[in-house]
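Below sits a lone chain in structure tokens, taken as the form predicted on its own.
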């Protein structure tokens, strides 16, 4: 069983919600990213999303765009991120998801990417700009290698789109809590809970909610109706502000712990 499936199964049996932090791989360096991953796991993260740096991250707000740019200045590639995951597997078994755009995957080659990612220990891939209708070969290969394919559902998705995306998604479904790009928000849209319930009519796959969640209060609210809470920009911003400060991974872990506790109802 895929590590993502196992983790959600364990959480469901315990009546708990998954906490899923997002960070940009290679910001400030790949070695520091590994330290942050381990700090997030120690803080109680259940699954970790690793953003693959890309030059035109159209789904990302300023904070994540700047993080990707910092990583690209160090020439971090998808190959480098896959190699980093292989090194991480010497130290942790936490489920890891690559959050990427399609261009790096296409350049890598579907089969080579699926083979190398599986060999490194990647558990899932979320390819932001690749719709299910255009991804049959990609999905088949990832599934053959035991890697989950995660897709986004937006507030504007029609029932037919929800059905198509839900059927194509494995591991979990990522529900975007609001229209627009990633980034810290003051409030969670009141419609999010209803949309999560609507998606559940089409699939038993766990639903994680992201885009804009940044405080323990927001995490606690979303945990009341979702299977997973995703926090990205608030963590990425802290990494960017502290940079290569040796204390940064510990500080990020301490911040994440407040979000973990809220997600778990502690």
Partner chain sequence: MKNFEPLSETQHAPYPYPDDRGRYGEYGGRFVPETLMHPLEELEVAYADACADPGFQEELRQYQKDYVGRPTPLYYAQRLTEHLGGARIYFKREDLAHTGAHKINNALGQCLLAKRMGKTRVIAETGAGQHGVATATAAALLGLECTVYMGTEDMERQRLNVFRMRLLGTKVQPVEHGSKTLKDAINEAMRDWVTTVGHTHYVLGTVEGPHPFPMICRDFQSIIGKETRRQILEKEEKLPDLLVACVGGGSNAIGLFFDFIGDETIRMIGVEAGGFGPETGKHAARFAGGVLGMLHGALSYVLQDKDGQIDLTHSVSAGLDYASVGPEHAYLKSINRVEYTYVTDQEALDAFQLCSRLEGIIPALESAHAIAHICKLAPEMEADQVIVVNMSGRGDKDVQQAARFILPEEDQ
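Note that the coordinates shown come from a computational prediction; the quantities given were computed from them, not determined experimentally. Positions refer to the first chain, counted from 1.
The discussion below concerns the form predicted together with the partner chain, not included here.
> Would all three of 56, 77 and 104 be in contact with the partner chain in the model of the complex, where contact means some heavy atom lies within 4.5 Å?
So, yes: the whole triplet contacts the partner chain.
> For the chain shown here without its partner, which stretch in 192-200, 117-125, 132-140, 89-97 has non-hydrogen atoms within 4.5 angstroms of the partner chain in the model of the complex?
Only one stretch qualifies here: 132-140.
> Any chance residue 46 has a heavy atom within 4.5 Å of the partner chain in the model of the complex?
No, residue 46 sits far enough from the partner chain in the model of the complex that none of its heavy atoms falls within 4.5 Å.
> Is it the case that residue 83, even though its partner is missing from this view, gets within 4.5 Å of the partner chain in the model of the complex, heavy atoms only?
Taking the distances in the model of the complex, the answer for residue 83 is no, it never comes within 4.5 Å of the partner chain.
> Can residue 161 be called a contact residue for the partner chain in the model of the complex at 4.5 Å between heavy atoms?
Yes - in the model of the complex, heavy atoms of residue 161 and the partner chain come within 4.5 Å of each other.
> Are any of the heavy atoms in residue 153 no more than 4.5 Å from a heavy atom of the partner chain in the model of the complex?
Answer yes; at least one heavy atom of residue 153 falls within 4.5 Å of the partner chain in the model of the complex.
> By the heavy atom within 4.5 Å rule, which residue out of 65, 33, 205, 218 makes contact with the partner chain in the model of the complex?
Looking at the other structure, the residue within range turns out to be 65.
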